[in-house]
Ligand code: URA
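Take a look at this single chain in structure tokens; it is the form predicted alone.
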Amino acid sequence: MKDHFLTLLRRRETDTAGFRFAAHRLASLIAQEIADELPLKAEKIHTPMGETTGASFDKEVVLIPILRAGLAFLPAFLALFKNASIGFLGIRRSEKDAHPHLYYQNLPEIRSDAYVFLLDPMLATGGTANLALETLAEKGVSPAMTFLANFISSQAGIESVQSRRPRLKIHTAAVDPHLDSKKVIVPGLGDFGNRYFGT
């Protein structure tokens, strides 16, 4: 199913409504993939008929979308992690040299044992992700407890992030082969934020 929704996102003719639909469905599949990796804690529970053993997540979850495109992940992740705290990082790439600049942050208190999900649809050069991870590291967040969720990544972006933080877990629906001269993923899907927000 991931390939189907990814195809809708890539297709030039997909309108805004169709693009949003595909983004939300693909985000749900990625959220489920990540959830399947998390360990569960066994606990005794009472049913209407008796007692049995159940399982639940044993740690807090913090969702951190990178503005603005990362907001597309929130509905799907909140549907699965209803009690998650939410923080925001605003990072903008320079049009001249593609270097990232942090212009906004609003983060909740993050416990050292919390799972942190960094949400950003595109992983191009890795610059934005690395800056976000550096910002989180200053707050005491461990790469081993962090998941990076993307729709499309470039091979160069993955290598850039993993070379600095090999324990970080990256979940992406597709890995594209290269970047163009403006550091845009090819074949990619164009500007995710513009297509999602209709701007």
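This structure is a prediction, so every number in the text was calculated from the model and none was measured. Just count from 1 along the sequence shown to find any residue number.
From this point on, the text means the form predicted together with the ligand, which you will not see here.
**Student:** Scan L119, M122, A129, V116 and let me know which has any heavy atom within 4.5 Å of the ligand in the predicted bound form.
**Tutor:** Only one listed residue qualifies here, and that residue is M122.
**Student:** May I ask you to state whether V175 is within 4.5 Å of the ligand in the predicted bound form, using heavy atom distances?
**Tutor:** Result no; V175 lies far from the ligand in the predicted bound form.
**Student:** Can you work out whether Y196 and the ligand are in contact in the predicted bound form, taking contact to mean some heavy atom pair no more than 4.5 Å apart?
**Tutor:** No, Y196 stays farther than 4.5 Å from the ligand in the predicted bound form.
**Student:** Is F5 one of the residues lying within 4.5 Å of the ligand in the predicted bound form, judged by heavy atom distances?
**Tutor:** Outside the cut-off, so no.
**Student:** Quick one: does G18 come within 4.5 Å of the ligand in the predicted bound form, counting heavy atoms only?
**Tutor:** Taking the distances in the predicted bound form, the answer for G18 is no, it never comes within 4.5 Å of the ligand.
**Student:** Using a 4.5 Å cut-off on any heavy atom, which residues of 163-188 would contact the ligand in the predicted bound form?
**Tutor:** Contacting residues: K183, V184, I185.
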